[in-house]
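Given as structure tokens, the chain that follows is alone and in the form predicted on its own.
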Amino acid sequence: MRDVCVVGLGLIGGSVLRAAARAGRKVWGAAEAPEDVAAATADGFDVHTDVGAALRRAAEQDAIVVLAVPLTAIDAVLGAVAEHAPRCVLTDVTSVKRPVSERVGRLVPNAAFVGGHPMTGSTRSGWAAGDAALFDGAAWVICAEDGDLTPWAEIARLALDAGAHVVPTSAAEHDAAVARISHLPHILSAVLASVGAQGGPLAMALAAGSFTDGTRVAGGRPELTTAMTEGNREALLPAIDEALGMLGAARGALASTGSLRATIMSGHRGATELAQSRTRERAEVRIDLAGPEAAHALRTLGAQGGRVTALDGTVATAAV
């Protein structure tokens, strides 16, 4: 197993470091936040604030480098990668993929880059929020672009070692999907929390499960949510337009006929489909990563809601 160097020791980066160590990999990391470095050091991890030194060590030991910083910090960290580990096996855990891929191509063109995004998290942040079990059972997107899939397999193994299952897709398809199921919910959560708060003390006193469920992610760090949603502007705008259209239709129906049945039934069907997708039986398939159409096969698997559950040499075992 390759060693792992994590740059950024917040919730996700700290959890990647812990999960990789739990799997038996040699790990180290770096972060600019002295409080996260101090806390990780106190927990016995080999980390420090010198990002350049961590990356030079990664280059010397041919380690996987994991970028676990917000999109707003990606350029600066990629500059350090270009200087200290320009040919490393590189991945990230950022919630948008096309902007990161484009920046890697511009700033570190010789890196073996594979975009990644674990679909899990918390409203808490920092090293203390991390957990080695955070990825257990979670989906972890690993972008499968055309070309040599050896680096893809390296990152997929890291995700599997962390307890996740791997969903292969392209950067563009990932961004379009998360605009709907991650970034739009953050916007709606912010709007709902704001509308509820404007109801005053009585509304806040009466707020129960439906309100707290709907506003949970609004409690996260605003700067991280801002970077995530603004970074996926191109894909998020159509999703917001679709939501506004449905809200407008609901408002029009309520004003004209007094009925919201169509809106509520549509939402119920969506929730039912989600529940069924998580419990349905899946067929096992195998994909030869050395085959000429392997990347296309992986992306097709992801588009069908499938996931890679194991790797044996160049053969990926998947469920679809």
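Numbering starts at 1 and runs along the sequence shown. Here the structure is a predicted model, which is why all the values come from computation and not from measurement.
Keep in mind that the form predicted in complex with another copy of the chain is not shown, yet the notes after this line are about it.
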{"item": "Heavy atom contact within 4.5 Å of another copy of the chain in the predicted bound form, the stretch among 171 to 179, 155 to 163, 108 to 116, 68 to 76", "value": "171 to 179"}
{"item": "Triple contact flag 184, 226 and 304 to another copy of the chain in the predicted bound form, non-hydrogen atom at 4.5 angstroms", "value": "yes"}
{"item": "Selected contact from 88, 218, 93, 134, since only one has a non-hydrogen atom within 4.5 angstroms of another copy of the chain in the predicted bound form", "value": "218"}
{"item": "Proximity to another copy of the chain in the predicted bound form, single hit among 83, 241, 148, 102 (heavy atom within 4.5 Å)", "value": "241"}
{"item": "Partner proximity in the predicted bound form: residue 284 to another copy of the chain, non-hydrogen atom cutoff 4.5 Å", "value": "no"}
{"item": "Any non-hydrogen atom of residue 34 within 4.5 angstroms of another copy of the chain in the predicted bound form", "value": "no"}
{"item": "Residue contact check: residue 141 to another copy of the chain in the predicted bound form, 4.5 Å heavy atom", "value": "yes"}
{"item": "Residue 196: touches another copy of the chain in the predicted bound form, heavy atom cutoff 4.5 angstroms", "value": "yes"}
{"item": "Contact set, 263 to 277 vs another copy of the chain in the predicted bound form - heavy atom within 4.5 angstroms", "value": "263, 264, 265, 266, 267, 268, 270, 271, 273, 274, 277"}
